[in-house]
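Only one chain is given next, in structure tokens, and it is the form predicted on its own.
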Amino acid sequence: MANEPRKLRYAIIGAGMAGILAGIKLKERGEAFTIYEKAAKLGGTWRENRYPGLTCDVPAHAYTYSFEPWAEWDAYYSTGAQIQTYFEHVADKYEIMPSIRFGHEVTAAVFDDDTAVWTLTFGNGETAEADVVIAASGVLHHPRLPDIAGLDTFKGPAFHTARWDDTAPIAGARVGLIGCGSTGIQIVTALAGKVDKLVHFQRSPQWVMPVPQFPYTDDERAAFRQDPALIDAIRYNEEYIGAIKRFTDGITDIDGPQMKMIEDACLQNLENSIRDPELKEKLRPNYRAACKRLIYSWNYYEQVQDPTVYVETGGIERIEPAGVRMKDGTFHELDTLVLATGFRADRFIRPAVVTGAGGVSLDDFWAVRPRAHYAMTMPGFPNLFMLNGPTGPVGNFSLIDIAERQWEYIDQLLDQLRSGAARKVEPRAEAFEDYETRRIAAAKTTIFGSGCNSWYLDGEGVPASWPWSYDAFAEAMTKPVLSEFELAA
């Protein structure tokens, strides 16, 4: 009956940061949920990535759930391994582990119009039903391999950074590293001086923002345990919060004072840090700061000047069994080839085949670009909600904070289902198209649309991101505009 409270069944896809968050929030309400995880462990991107130098570029105390600060961080910026430990700690503390089904990769999801039920199919042949699906599958989990001739002929180990080969020769070896995003930069800082030679193949140099890094002492960690206000003083530090707002203001006002401050700080870092004039020019960007993801590093410029590191900015002709041949004929003989070439940022819940109301296909709906109303919901896909979905905020800030704000928005829509006011919730097509039209127009004017090639761009070259300020996002997440949604009985 309409307006009669309902007990809903929830299926959460993914046991990474966002999936754990959703599970905790639903458990607090006493809701029935299951988290389906394709791997054998939780952790998402922090489980997948184990490369040397892996570090989050958000201060550790700011990269936690707001309700679960942690006193045990080793340093101001934390390693990926310790972040994985944090998520395992949280899942244990909040008793989420019994609700996770590991080894359950979702291969299909089909919505039944008559029953308003989603049926999930898994790679092992099992199926499950749910009234609500929370897609918390993340973005950076499908490695992108480079299209370079001869890659499969290399006789040594050649692997993507998200599939790190612990048996590959590294120490004292000749290592080639293709890719100059955050991953490539971090690997340089970790391997410099430990290899015989590290050839870093750079298609384009990076803007590098200098940041502090320091360890926390045992006494400091003890103090954090005794007084959580000391943690809050770090994660809510005015300088850090101000930097976030300065960043989002800068990317949306590309000729304004905030972007000038960012570019000036990065250029001064380059000028003051690199001694060799030739190397300095190799490392000088020829595009606007933050057009690609801004690099935060306290030691890259120091480590890239190590005698074991050679920065190669020429074009690659092909991979040969013994190394890499450049277009100018130069040959780099290598023992190991590392591919820091990023991820397919357009996948999200895919390759699962998702079929919504009336048989609408997600692949068809996303034929031009992945898109969602305020990055969370889509017309034609009732009772399907995404955390950190397409066109959400991206940048050098905590995606945990973004996911928590999105959950508050989603939870208010779920109240429409819980109360019985509606059996189906989805955005109205006209409201969604209005949002997308405004978002695309604004996105083209952001720094992401200023001319560089980055994973922020969709197939048509439009930045696939939230194009307004951080404050505008926070305001939008406080309450959904119910008139923008179909609330079907």
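A quick note: this is a predicted structure, and the numbers were derived from the prediction, not measured. We number the residues from 1 along the sequence you see.
What follows is about the form predicted together with a small molecule, which we do not show.
- Look at 351-359, 365-373, 412-420, 146-154: in the predicted bound form, residues with non-hydrogen atoms within 4.5 angstroms of the small molecule sit in 146-154.
- Looking at residue 31, you'd find every heavy atom of it more than 4.5 angstroms from the small molecule in the predicted bound form.
- Shown alone here, residue 39 lies farther than 4.5 Å from the small molecule in the predicted bound form, counting heavy atoms only.
- Taking the partner from elsewhere, residue 327 is found to have every heavy atom lying beyond 4.5 Å of the small molecule in the predicted bound form.
- Among heavy atoms of residue 111, none comes within 4.5 Å of the small molecule in the predicted bound form.
- Interface residue among 293, 332, 221, 246 relative to the small molecule in the predicted bound form, by the heavy atom within 4.5 Å criterion: 293.
- The single contact residue among 252, 383, 391, 186, judged by any heavy atom lying within 4.5 Å of the small molecule in the predicted bound form, is 186.
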